[in-house]
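In the block that follows, a single chain appears as structure tokens, in the form predicted alone.
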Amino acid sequence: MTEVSALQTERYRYEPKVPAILRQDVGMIAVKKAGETGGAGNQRELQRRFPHIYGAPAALFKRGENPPAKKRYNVGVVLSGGPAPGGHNVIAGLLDSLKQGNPRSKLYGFLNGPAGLINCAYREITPKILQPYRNTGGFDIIGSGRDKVETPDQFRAAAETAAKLDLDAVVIVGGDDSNTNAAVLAEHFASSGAKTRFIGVPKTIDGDLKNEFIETSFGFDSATKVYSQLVGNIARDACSSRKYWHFIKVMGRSASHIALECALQTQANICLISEEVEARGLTLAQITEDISRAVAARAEGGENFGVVIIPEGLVEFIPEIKKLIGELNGQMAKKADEFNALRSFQDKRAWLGANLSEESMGAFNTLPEGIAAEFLIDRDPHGNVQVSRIETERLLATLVEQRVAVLKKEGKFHGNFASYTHFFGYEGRCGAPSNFDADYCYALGKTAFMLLASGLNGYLASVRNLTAPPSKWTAGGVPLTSLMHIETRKGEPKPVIKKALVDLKGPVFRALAAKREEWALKTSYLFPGSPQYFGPAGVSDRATKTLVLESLGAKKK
């Protein structure tokens, strides 16, 4: 038998708490309409592109007879995109509901993401196979991937897989791109008259897949607790050693929800919010100046230490750097062979001087050479700079060091400055799910089954009222198209799920804004400690500050 840790042994014994409605026999859970839906924008175009699934009503579960839930089903499940704590519990909730409805039902896990659906690579998931994965982190039961189903050949291959396995439905567990995939597949299969339906489950640690029906994506709770523990540990070290400024980058390319949550949990001295930087049009020099002023002010009080939290995607929100990245992506794609033939950094710099605008070349020249080189590394499959590989934390630490040296010469800085840099990324993606995520994901899996068993197609599983005890959570679904709008991708208009960015007028950002001047000057750190799985509910089952504040804000409206 494979050896497991003491904690993992205990987590196998954990029984997820679920909404009262989902404790019913599956044959006694009915669906009712819960409000009409449209789209997040471009509604006429969405209706044209998704005539079979657009505009369906939201769904809410209630007690009532539902004979189809007792039928024998063949269902596939896909784990798509980056891992997030709780994915295995989605599969557990789905499988348990399938088997409760009819023991002859089968669940097929497609291997390594959507590619498994295209290539008909799968394993049947049975209760025995699933048991070692319950309440554990990771996506390792079947693996994950980022492939998209978008070409005629891929649609044809997916249809062949569905026909071979006689699939009644496929559940896609993923973020905004993955669930856009689910919507496209739902429409394609419906238009061809195929019986296979598609249901999505909201996953992303970034927290940017949400709307009025989706209060949070799963994984955000667990990941931010891990990151906040690490930030808190560093803050404790900072005020113990009293001689280092720590620049900490956390995940979140498009949205700064993780950075914001970690700041509220730890009360770090400075937290940059990408959305605010873009809204205010802050330059790299202005950001550097703001941090440097805080460094100098704290030094006046004898505190030559501090903690700065930086969202992963910050550089794409700084106006002159965003313009630089756009030109780099364009020119390096347009003249790829020419650029790739260059070997030295100096040759590449000279090439850029002849191919970039004067403004963008000026921005490039302000970057330290080591950081500037990171802007020129291999592009991602979409031709874009790999932002996570740009050491924004080191860039800011270096620029602040240079700026405070100038302030010292001018007699405006009387302390000492030394820095360390950190990037917390993969550390948070595959940890054991918090009690919240273990419960939430299990409920989402059961919800996904009830949606497909009720004959719905192109829906996203929705479990709400999440700041209440799990017994009082509500469950249902919302059409995927209600989260979608049209964006330009690779020069073409594409229907995609709209990312939920930090709302600068919302209660979560306002909570940070109300305290950040105080936290910048006064050492006010909180130390969340490690995620807890046992003990008082106020510690082991607590929701994120983001969820609590947004819930309170919604109730005030």
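As the structure is a computational prediction, the values presented were derived from the model and not from experiment. Sequential numbering from 1, following the sequence displayed.
Here the subject shifts to the form predicted in complex with a further copy of the same chain, a form of this protein not shown in this document.
J.: Report the stretch among 159-167, 427-435, 121-129, 252-260 that approaches a further copy of the same chain in the predicted complex to within 4.5 Å, counting heavy atoms only.
T.: Going through the listed ranges, the match is 427-435.
J.: Can you pick out, from Thr288, Thr196, Gln267, Thr180, the residue that has a heavy atom within 4.5 Å of a further copy of the same chain in the predicted complex?
T.: Partner contact (heavy atom, 4.5 Å) among the options: Gln267.
J.: Going by heavy atom distances of 4.5 angstroms or less, which of Glu391, Glu327, Glu150, Glu320 would be at the interface with a further copy of the same chain in the predicted complex?
T.: Comparing distances to a further copy of the same chain in the predicted complex, the residue within 4.5 Å is Glu391.
J.: With the partner left out of view, is His88 within 4.5 angstroms of a further copy of the same chain in the predicted complex by any non-hydrogen atom?
T.: Close contact exists here: in the predicted complex, His88 approaches a further copy of the same chain to within 4.5 Å, heavy atoms only.
J.: Does any heavy atom of Gly93 come within 4.5 Å of a heavy atom of a further copy of the same chain in the predicted complex?
T.: Output for Gly93 is no: heavy atoms all beyond 4.5 Å of a further copy of the same chain.
J.: Using the partner position in the predicted complex, report whether Tyr14 sits within 4.5 Å of a further copy of the same chain, counting heavy atoms only.
T.: Taking the distances in the predicted complex, the answer for Tyr14 is no, it never comes within 4.5 Å of a further copy of the same chain.
J.: How about Gly529 - does it come within 4.5 Å of a further copy of the same chain in the predicted complex, if we only consider non-hydrogen atoms?
T.: It does: once a further copy of the same chain is placed as it appears in the predicted complex, Gly529 has a heavy atom within 4.5 Å of it.
J.: Is it the case in the predicted complex that Glu3, Asp140 and Lys243 each bring at least one heavy atom within 4.5 Å of a further copy of the same chain?
T.: Yes, each of Glu3, Asp140 and Lys243 comes within 4.5 Å of a further copy of the same chain in the predicted complex.
J.: Go through 204-242 residue by residue and record those having a heavy atom within 4.5 Å of a further copy of the same chain in the predicted complex; state none if no residue qualifies.
T.: The stretch touches the partner through Val226, Gln229, Leu230, Asn233, Ile234, Arg236, Asp237, Cys239, Ser240, Ser241, Arg242.
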